[in-house]
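One chain follows as structure tokens, the form predicted alone.
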Amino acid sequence: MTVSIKVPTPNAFTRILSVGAYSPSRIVDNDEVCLKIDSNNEWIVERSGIQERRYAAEDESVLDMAVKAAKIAVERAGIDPSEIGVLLLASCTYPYLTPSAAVQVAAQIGAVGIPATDISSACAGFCYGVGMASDIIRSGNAKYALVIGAEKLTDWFLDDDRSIAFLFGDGAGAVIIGPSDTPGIGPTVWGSDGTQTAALGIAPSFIEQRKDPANNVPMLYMQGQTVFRWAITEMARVAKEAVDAAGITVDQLDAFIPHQANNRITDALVRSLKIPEHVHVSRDIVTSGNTSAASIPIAMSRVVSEGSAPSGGLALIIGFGAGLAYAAQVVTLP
């Protein structure tokens, strides 16, 4: 006798229903950064496009920022937190190995009992989460998913480190993903290159720190030129594959929202993809700095709130960073 296993009723399509973001109140301009490093405003703007960034307060945590962004996204989606079926939180700066940040955010927003977990894919983490959440909802295992990117990068570098101190900021962004009658999230084009882990990350390990606490404090490291060359070559290919996988052309896009790593990388991708002038290109990095996994949802929230691209318009999102990991999708804007 053959017994069939019951499975959930799948959903045909998914879409982003809402987006929310939180940025700390403290604005740090280039002149303030240059009080600790041998540089100037003109050099920083030329090298990165950044004019200012947001720093979290000393007692403001990744969890605090994630919860604030999540509550905005939930409210804008018009759902109750109890309706969320899964929570995915992307972060490379949450300072505890366990328990996860995700389970604590779920509890703080009133979604106790739901499956929740962290994603450790650095700047690609948010797009990983969008892909995973979309697949979970399409499978019928959840009706709504909350995907968050949250980072407090200022805990992980020294303010006198000239190589990276001018790049990073803090913040959080979140989206609610749910079922849709029409396709709202395209196929995810993603991958990683673990042969290049020396290019970007946080080191040494906590075990090494325990052996020598004074000299082994984990800090961000980056081989800037290596990451830059990889991003402008490989990510142009990945972005084009995501557009092709969605069955559209670049000129049908309304917005391009890349990870806010560096304006020069964005410029290179725009040229490689031949993005038309009518497509809004997010440059949130100018006022937010590089916020790793939080950068895309923060930038998306700004696009939506300012009306830079229409609700229901098509946006190409792509995240890339430590790993070296990457992911990209075409999505319909909420």
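Residue numbers run from 1 along the displayed sequence. Predicted, not measured: the structure shown is a model, and the values here were computed from it.
Although not depicted, the form predicted together with a small molecule is the subject of the following passage.
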Would you confirm whether the three residues Asp80, Ala142 and Thr332 all fall within 4.5 Å of the small molecule in the predicted complex, going by non-hydrogen atoms? no
In the predicted complex, which of the stretches 161 to 169, 108 to 116, 180 to 188, 210 to 218 has residues with heavy atoms within 4.5 Å of the small molecule? 161 to 169
Just give me the single entry in Ser205, Thr233, Gln225, Thr195 that has a non-hydrogen atom within 4.5 angstroms of the small molecule in the predicted complex. Gln225
Let me know the one among Lys71, Arg138, Lys240, Arg264 whose heavy atoms come within 4.5 Å of the small molecule in the predicted complex, would you? Arg264
With the partner left out of view, is Asp38 within 4.5 angstroms of the small molecule in the predicted complex by any non-hydrogen atom? yes
Exercise: Val103 in contact with the small molecule in the predicted complex, heavy atom 4.5 Å: no
4.5 Å heavy atom contact, Cys123 and the small molecule in the predicted complex: yes
Using the partner position in the predicted complex, report whether Arg283 sits within 4.5 Å of the small molecule, counting heavy atoms only. no
